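The data below hold one chain only, encoded as C-alpha cells and taken in the form predicted alone.
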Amino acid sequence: MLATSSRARRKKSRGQGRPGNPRPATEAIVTVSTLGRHGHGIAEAETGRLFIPYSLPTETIRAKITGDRGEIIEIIEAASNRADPVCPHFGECGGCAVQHLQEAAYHEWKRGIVATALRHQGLDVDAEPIIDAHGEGRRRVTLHVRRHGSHVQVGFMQAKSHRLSNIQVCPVFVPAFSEAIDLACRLGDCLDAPVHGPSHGLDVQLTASETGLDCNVIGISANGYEQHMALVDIAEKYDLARLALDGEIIAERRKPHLRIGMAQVRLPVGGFLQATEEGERVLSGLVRDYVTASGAQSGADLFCGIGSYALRLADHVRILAADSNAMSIEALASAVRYTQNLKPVETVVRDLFDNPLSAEELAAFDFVVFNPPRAGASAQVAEIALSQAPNVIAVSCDPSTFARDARILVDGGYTLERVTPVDQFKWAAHVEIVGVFRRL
C-alpha cells in the first residue's frame, strides 16, 4: 500500500508536483493489469493509475512511484510471457518499448492498440491479425549526435527525455547500417570544429538505397574548403552514395535510387520513405490488391510521397498523385517520364491540409488512396466523405487519427470493410494500418 494520505495528495494543487517543488517518491508493491499503447505496464494504486515502463500484465512489482510514473525496483513475480531483450541498450535507449514481451503476445498487443482506437470511435470492425513487415530491418534512421568536450556521443533519445542514450549497436537496423554509428561519430567530429564553439547537436539522417547509403546531416553547414574536403573524404571512406548538409549536396558519388514497381526513383534529399523495405512491399501490396479487386480504372493517390503506391498502380490504372513536397513530386514525375508501359500519371504539388481535393474533384475517380502524416487528414477526409468515390483505402501510422478519420468516412456513408495492422516498427509502439472503405 502507498503511504500517501488524501490530504498529502491534495497538496499538489498548492504547489507540490510543480517544477522546483517535486512530489517525493514513494515505494509500493503493485500488480500490473494491462499493457498500455505506449508499451508501459499499467497498475492501480491508492493514488490512481500508474504507468510502469518495462513491466507486463500479471506481474507483481516493487516500484518507485513519482506522481503517476513507476520505476521497477524489483520484479517479485514475472509474467509467463516475459522475454529476454535482444539489445544491450534496451531499457535505456528510447527506441524500443517492448523487447521484454514474447512474440505472440507482442503481436496481440499491437493488434489490440488498433482495436482499442476503433472501439473508442464506436467502429464495430475487427482488426485482422497483424502482418510482420520488419524484414531485414529499418532502412531509414535518424541518429542524434552530441559532443561533450572531445567526446562525441551517438544514439537515440531516452524515453520521454531529451537525454541522449549513447549506443554501439542496434538490432533493428538493416545490415547496410553496420557502420552507421561510426559514420555519425566521424561526422560529428568533423562538423564540430573549434571555430563553431560548443555543439548544440546534429541529426544524421540515413537511408539505405539500392545504390548505397544516402546521408543528410541536419543542423549545420560546411565551414570552408578544408571542412568540405574532409566531408568528401568521409563519403569516400564509408562508400556513401550521397552526402548532404541541410539538404545541400556535398558529395554525390552515385545517385541514390530505389526500384518501385517498374520504375527507378531517385530519392530526394531527406525524403520520406517507409521504414522498412518489407513494410513498403506489404503496404503497397495490400493497396494494389484492394484496387485490383474493385475493378477500378482511375484513382487518386493523396499524400503520395515519391509514389510508393502510384507507381505500382500505374501499370493498370490512371493516377492523379498529389503531395505538398515538391522534391518528392519531382522525383515521382521524373520516374514516370523514364518508365515505359505505365498508364497516365498526373503529378500535382498541393497542400492537402489547407487545400484538399474537393468532393467535386474526387468525383472523377473510381478510388482514393490516402496516406497522411501522423496527424491524419481530417480536412481531406471530410471532402472524401462528401464525394461519390466508391472505393477508399486509408493507410496510416497512427491508430488514433486513423480511427478519427474512419469515423468521418463512416458518418459520410462509407462502410469500413477491412482493417489490417502492419508491423514495420519492431518492438516499438508504432503500428501501420490499412483500411478499406466502400460506398454501397
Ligand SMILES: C[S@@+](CC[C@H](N)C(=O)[O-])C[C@H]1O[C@@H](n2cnc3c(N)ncnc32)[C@H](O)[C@@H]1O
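A quick note: this is a predicted structure, and the numbers were derived from the prediction, not measured. Heads up: residue numbers just count along the shown sequence, starting at 1.
The form predicted in complex with the ligand exists for this protein as well; it is not shown, and the discussion that follows is about that form.
With the ligand omitted here, the record of contacts in the predicted complex names 296-304 of 169-177, 296-304, 204-212, 313-321, defined by a heavy atom within 4.5 Å. Though the ligand is absent from this view, in the predicted complex it lies within 4.5 Å of a heavy atom of just one residue from 238, 156, 272, 90, which is 272. In summary, among the residues 227, 81, 325, 334, the only one with a non-hydrogen atom within 4.5 Å of the ligand in the predicted complex is 325. Of the heavy atoms in residue 99, none are within 4.5 Å of the ligand in the predicted complex. Put simply, residue 216 is far from the ligand in the predicted complex: not one heavy atom of it is within 4.5 Å. Though the partner is left out of this view, residue 352 does reach within 4.5 Å of the ligand in the predicted complex, counting heavy atoms only. Of the heavy atoms in residue 373, some are within 4.5 Å of the ligand in the predicted complex.
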